[in-house]
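This document starts with one chain, in the form predicted alone, laid out as structure tokens.
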Amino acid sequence: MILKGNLLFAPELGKLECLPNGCLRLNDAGVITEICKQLPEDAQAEEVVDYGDKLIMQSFADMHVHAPQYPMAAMGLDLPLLDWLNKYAFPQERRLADTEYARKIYRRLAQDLIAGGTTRVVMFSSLHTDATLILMEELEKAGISGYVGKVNMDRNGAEGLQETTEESIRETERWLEECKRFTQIRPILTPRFTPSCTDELMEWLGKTAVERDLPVQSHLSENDAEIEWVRNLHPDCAQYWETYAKYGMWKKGTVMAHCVHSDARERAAMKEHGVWMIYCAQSNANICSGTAAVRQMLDEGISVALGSDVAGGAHLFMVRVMEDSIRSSKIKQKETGLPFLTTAEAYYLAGTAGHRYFGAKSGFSVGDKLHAVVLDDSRFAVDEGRTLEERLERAIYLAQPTDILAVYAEGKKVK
């Protein structure tokens, strides 16, 4: 099969490849076999899907999202982090003990992700094992791939939303056993954040991560009050990141959201150990946490990608996440004097960067399964003659999910 249209992809940070009327040739498994500047002469025997003047773009990877909080998006955002958790997030997550409710919410979430062109995720569930398995089922049904974590939380939770240490270990083991039936959604160990887990539980999670070769996700240096809390809980650790490192969870492929207040030493530890920073610009502003030094992290060689952080972030649509990432970096420029994120850079971080976490190459690449969206920008294209670069920029600021006509994930058309 051949897809024809205006190809836009980001092979490197800040580099944009534009192929007007280009083509992607796929084999029967949905793997890209050729990228062409025009329709190949030997294409007569193949199915050609011609999207005309539409934009064929990379799909998006949301590298930090809280699935249980999806129904409460855009609520309680006048509160700082810890107050917001106690008043809104924890009560909402408690509802996921109801598996019927979980099925309803997670089916809708998966559909909305695909509708917005997100085909890969790194996602928090709640501490409920059965609801977590339902989430994984619904994501797979929708065609999404990635990682989902059952949250571990044996202290500092809320009424009805806290496990005993023994229960947390037992339920995590049950969940990991059940995860063997999934093919596209894999498990990721998920201590909610350091204050939510006792030393005993952290030790078990770290040991399990190493023994089973499992990735880890959590939060890091998001909020001043949170950092002080961690310091009081772990006086033997000079910095927040060390509370993960001392239990073996600070390792290559570990995903840490926010990092708003990560100083040079913490950033150096991220670079040295291959830990990923997930930039959640909208959430960081909404919950009054601050603005992360994303340019410094990129310049220092840290692996960075974007996350919606729903429901700290109000928008699941990654186009809005790109827009907010650019805007926040412009605000940070006034403080640091460092360049803000460009359109091409934000597009790279929302697509290529996240896809690379899952083993993909650069942009649209021969040998990768196709992850793409087809976007119709005619609704806001009030004039003609714009370059593809200009059309991409306009799409980042003006597009809506309804402008996405088709979505391809793992080489298959899922919308």
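Because the structure is predicted, anything quoted here is derived from the model rather than measured. Residue numbers here begin at 1 and follow the sequence given.
The same protein has a further form, the form predicted in complex with ligand GUN, not shown here; the description that follows concerns it.
In the model of the complex, is there a heavy atom of ligand GUN that lies within 4.5 Å of any heavy atom of Q69, even though the partner is absent here? Q69: contacts ligand GUN in the model of the complex.
With heavy atoms only and a cut-off of 4.5 Å, decide whether H219 touches ligand GUN in the model of the complex. Yes, H219 lies within 4.5 Å of ligand GUN in the model of the complex.
Contact label in the model of the complex: F317 to ligand GUN, heavy atom within 4.5 Å: The answer is no: F317 has no heavy atom within 4.5 Å of ligand GUN.
Given that the partner is absent here, does R267 sit within 4.5 Å of ligand GUN in the model of the complex, heavy atoms only? Taking the distances in the model of the complex, the answer for R267 is no, it never comes within 4.5 Å of ligand GUN.
Specify the contacting stretch among 329 to 337, 191 to 199, 97 to 105, 172 to 180, defined as having any heavy atom within 4.5 Å of ligand GUN in the model of the complex. Of the options given, it is 191 to 199.
Contact check in the model of the complex: L85, H258 and S283 versus ligand GUN, with a cutoff of 4.5 Å between any heavy atoms. Do all three pass? All of them do, each having a heavy atom within 4.5 Å of the partner.
Looking at L81, A142, M297, A245, which is the one with a non-hydrogen atom within 4.5 Å of ligand GUN in the model of the complex? For this set of options, the contacting one is L81.
Going by heavy atom distances of 4.5 angstroms or less, which of V304, M249, L135, I287 would be at the interface with ligand GUN in the model of the complex? Only one option qualifies, and that one is I287.
Given a 4.5 Å distance limit between heavy atoms, list every residue of 307 to 332 close to ligand GUN in the model of the complex, or none if there are none. If the 4.5 Å heavy-atom criterion is applied to ligand GUN in the model of the complex, 307 to 332 yields only D309.
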